[in-house]
Ligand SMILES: Cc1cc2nc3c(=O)[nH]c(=O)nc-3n(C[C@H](O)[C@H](O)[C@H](O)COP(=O)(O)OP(=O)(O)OC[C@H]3O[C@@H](n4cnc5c(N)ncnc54)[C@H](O)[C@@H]3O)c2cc1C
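The chain below stands alone and is given as structure tokens, in the form predicted on its own.
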Amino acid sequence: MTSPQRIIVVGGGIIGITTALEFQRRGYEVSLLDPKQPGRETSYGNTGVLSDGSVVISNNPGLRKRLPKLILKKSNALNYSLGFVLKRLPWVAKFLSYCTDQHLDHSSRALRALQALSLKLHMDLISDAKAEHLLRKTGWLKVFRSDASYQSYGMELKVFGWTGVGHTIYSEDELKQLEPALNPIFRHGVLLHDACSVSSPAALCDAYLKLFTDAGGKVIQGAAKRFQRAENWEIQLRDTKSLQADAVVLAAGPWSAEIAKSLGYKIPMAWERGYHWHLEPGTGPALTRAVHDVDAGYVMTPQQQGVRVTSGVELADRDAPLDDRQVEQSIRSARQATSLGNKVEDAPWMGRRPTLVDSLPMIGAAPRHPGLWFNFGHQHNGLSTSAASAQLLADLFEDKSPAIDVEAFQPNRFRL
């Protein structure tokens, strides 16, 4: 390569940041384009978990059994807008069609490989970025309030077994020793002991971004208006400026389908909206790890801003007004589980998770446009899969053999 190829990565979340950094480290001239400060949309508000075992997708065989309860809104794990569901009914039907044992086996093995590789790569990146102070190697704890809910978790435990996810099962008494911050309302616990978490996903994005900019990478704040290709790619921005590149990587999370549609692609994507609120720690022992209260459908995790309490899934239009009822219920449940103080913010944060119908990301070349590459649709697992997704995409770009099988993530698995 006599001169670096110019690459524009569209999207400044954790997927876009790690992708830009990976291509830069391979000698390319890379720019990162986003309308906002990178790392302040979907990637800002997650639980901070770097998991190697979030391998059971949402549309698994057990979802059909839970549908009546979810439809009647008897579970805090799901809230939905009926108008949105009716408008996107073909997508919902296709999403449910993947609730099969065959797809569970296929998707869990693919996600396990992607997450295990990504966890290793993140450890290296965190070291390079001197961000070890953000990292907690305390695992990812699932807790259950009843024997029945724990028994219903049997499918996940079986998947952990066949995919090799390291985990330890804890009894009620053992949980008290493992996590003294929890009140004695939980009967069982499962710790994914190789998983890690960070105390600020935004700070991690900033640390990675500093690696990129310190090495000469460009961050461009702007919104793409039009994409066109002649001898090379041109991206026209809304402020009338234009950018030139030899290749474009679309990594814009929940906005990716909209951008791809302007180029003639029909991406089978919807959005799972989610909320969080920070609360001051209470008077008891401090929480030491991310905890998923499975029965109550929320996650709480210690963060720099306070204890972050997240909601379950909300199915609604991407830009619909906030609905804080679900996260308020999460907070009420979290107060039963541990000692918490006042809310830190006046209003909750809301983000959108990009979800494809098979709950797997899309990583690879766009089928009809040379020089256009897709890296989006990571659903709940963007942070946990970002570093490996970036490496796989760069390997495919350079026509190298990736470290793991990428067939499950290829764009051509759909008719786009």
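Heads up: residue numbers just count along the shown sequence, starting at 1. Just so we're clear, the structure is a prediction, and the values are computed from it rather than from any experiment.
Not pictured, yet referred to below: the form predicted together with the named molecule.
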Report task. State the residue from 195, 327, 252, 287 whose non-hydrogen atoms include one within 4.5 Å of the named molecule in the predicted bound form. Result -> 252
Query raised in the report: Among 133, 238, 74, 266, which has any heavy atom within 4.5 Å of the named molecule in the predicted bound form?
Result: 238
Requested in this report: Check whether residue 310 has any heavy atom within 4.5 Å of a heavy atom of the named molecule in the predicted bound form, and answer yes or no.
Outcome: yes
Report task. Would you check, heavy atoms only and a 4.5 Å threshold, whether residue 20 touches the named molecule in the predicted bound form? Result -> no
Requested in this report: Give a yes/no on whether residue 34 approaches the named molecule to within 4.5 Å in the predicted bound form, heavy atoms considered.
Outcome: yes
Report task. Using a 4.5 Å heavy atom cut-off, state whether residue 224 contacts the named molecule in the predicted bound form. Result -> yes
Query raised in the report: Among 23-31, 366-374, 57-65, 350-358, which stretch has residues with heavy atoms no more than 4.5 Å from the named molecule in the predicted bound form?
Result: 350-358
Report task. Counting only non-hydrogen atoms and a 4.5 Å cut-off, give the residues of 114-140 close to the named molecule in the predicted bound form. Result -> none
